[in-house]
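Quick heads-up: it's one chain on its own, the form predicted alone, in structure tokens.
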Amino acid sequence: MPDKAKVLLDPHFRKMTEIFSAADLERLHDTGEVVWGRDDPMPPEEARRALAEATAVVCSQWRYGPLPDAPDLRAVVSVSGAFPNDLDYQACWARGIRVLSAAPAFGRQVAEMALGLALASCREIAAGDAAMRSGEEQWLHAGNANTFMLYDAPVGFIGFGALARSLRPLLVPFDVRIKVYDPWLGDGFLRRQGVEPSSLPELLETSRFVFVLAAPSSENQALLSRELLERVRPDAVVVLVSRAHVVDFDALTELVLAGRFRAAVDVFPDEPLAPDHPIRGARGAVLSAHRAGSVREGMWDIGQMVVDDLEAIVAGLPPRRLLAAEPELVGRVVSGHGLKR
């Protein structure tokens, strides 16, 4: 490894000030020599020359062609929230190059929004505001005829990755009971996290709040099929904040329009959402324009985690904050659905 580590920093489509606070950018420059470090994409030929001496590459996607002969390269870090496409993972693992994703950096901000959407739905906050503005409000008991509380409610998590693990502590004060469906995690591990493993049908039939938190994969497209969505409790809220890939969105829309259950939705199959999409007219839906994961302070978590792990890598230590690509799972993860966060 060179005396002064070289970090090829090519975050486009991200902007430097979007993901790095001034303090973390200063830490990054203290960690090593920063090559490029601009908002515009680095010219490919220039990038390939820099790669030959790089210790780490920080990018939004791998667009540099075949993995070069770069003897000092120790890490490829994606700031997009997904693992990069067009990267030779087998070659990386064979050469001891870690592939890391900033996906955990979205945990806090998305979890906060998921909690807000759940409360907005069950307490009819948006509907109540609209009624006040139009002069059609119902006061006191009459205004709460169809509301209910999160406290003490049975909750279901579909997926127990970074988003779920950030949301769970936020629900502790509500004294909820959490069931989890995640086929990528063992029952024993889930129980030791203080949650109850569950089949998907059981979770849908028993949970009053269903949080869809699973990352898109080759195995879970439209996992929540029409048949399964029809098992959702009629007094439940489905909170969708990971990716619409996981849900049969047409069925979800039809069932919410029919008053079958409520939904709070931040992600959609096609974004921006068509102006005439029927879910816009669903009284039982609280809608958000993919805003859960783009808060300024939350985005700075990306830069903080990147620098924390680069400091460790340069020191010859394992990274601890970003998500590492695992041979058993990386090929099953789907990237590029919806707008980039």
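Numbers follow the displayed sequence, beginning with 1. Only a predicted model underlies this, so the values are computations on that prediction, with no experimental measurement involved.
Below, we turn to the form predicted in complex with a further copy of the same chain, even though it does not appear here.
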query: Residue contact check: P183 to a further copy of the same chain in the predicted complex, 4.5 Å heavy atom; finding: yes
query: E137 within 4.5 Å of a further copy of the same chain in the predicted complex, heavy atoms; finding: yes
query: 4.5 Å heavy atom contact, R123 and a further copy of the same chain in the predicted complex; finding: yes
query: Partner contact for M113 in the predicted complex: a further copy of the same chain, 4.5 angstroms, heavy atom; finding: yes
query: One stretch from 226 to 234, 78 to 86, 198 to 206, 123 to 131 that, in the predicted complex, holds residues within 4.5 Å of a further copy of the same chain by heavy atom; finding: 123 to 131
query: The unique member of P68, G298, P41, G37 whose heavy atoms fall within 4.5 Å of a further copy of the same chain in the predicted complex; finding: G298
query: Residues from 172 to 199 in contact with a further copy of the same chain (non-hydrogen atom within 4.5 Å) in the predicted complex; finding: P173, F174, D175, P183, W184, L185, G188, F189, R192
